[in-house]
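Consider the single chain below, provided in structure tokens and representing the form predicted alone.
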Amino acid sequence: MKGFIVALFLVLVWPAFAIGPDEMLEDPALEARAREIGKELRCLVCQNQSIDDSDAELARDLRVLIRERLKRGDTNAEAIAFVVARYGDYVLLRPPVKPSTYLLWLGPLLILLAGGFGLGLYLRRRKQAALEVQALSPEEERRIQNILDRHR
């Protein structure tokens, strides 16, 4: 149990270790802005982690770059735009909705619609196959005729 608690603690605080003390800015307001920006940018090595959470060397370089831009007086949007100009929209964890990202945003809906259409087509064909009436064999016709003759 003690090992589990230690492991859980390490997992929960692990992202806090991603940013080294040498990277942090002395001004708490600028550091807070840098952390906010770092949470918006994707680590290009780890892909689904923000640069704020990643231990990759490239993420560290991007964190340092962001802090340098903020020290120069960039706004958050300008610092993000600088990184996006270098790496494209892929670096954003929440890419903007625009023609080049329509497939990204609409892809899951298109896949869901295609799956629904395929399922509907399958169910329709299955229902039609169940409703098709098969012709009676001569033996079945004879047996039915015998039953009808008995009840007249």
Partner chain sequence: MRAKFFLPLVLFAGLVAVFLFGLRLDPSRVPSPLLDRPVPAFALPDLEGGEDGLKTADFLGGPTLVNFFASWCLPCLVEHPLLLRLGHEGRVRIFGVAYKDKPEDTARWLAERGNPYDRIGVDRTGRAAIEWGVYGVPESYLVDGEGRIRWKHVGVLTPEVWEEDFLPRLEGVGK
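Source: prediction; values computed, not measured. Whichever C-alpha set is largest while still superposing within 1.5 Å between the two forms counts as the rigid core. Positions refer to the first chain, counted from 1.
Omitted here: the form predicted together with its partner chain. The next part is about that form.
- Contact between Asp27 and its partner chain in the predicted complex is not found at the 4.5 Å heavy atom cutoff.
- Interface membership of Leu92, defined by any non-hydrogen atom within 4.5 Å of its partner chain in the predicted complex, is ruled out.
- Its partner chain in the predicted complex is not approached by Leu110, whose heavy atoms all lie more than 4.5 angstroms from it.
- Contact check for Ser100: no non-hydrogen atom falls within 4.5 Å of its partner chain in the predicted complex.
- This chain is drawn without its partner chain; in the predicted complex, the residue among Leu106, Ala114, Leu123, Val45 with a heavy atom within 4.5 Å of it is Val45.
- Residues from 85-108 that approach its partner chain in the predicted complex with a non-hydrogen atom closer than or equal to 4.5 Å are Ala85, Arg86, Tyr87, Gly88, Tyr90, in the order they occur in the chain.
- Positional change of Lys39 between this form and the one not shown stays under 2 Å at the C-alpha, relative to the superposed core.
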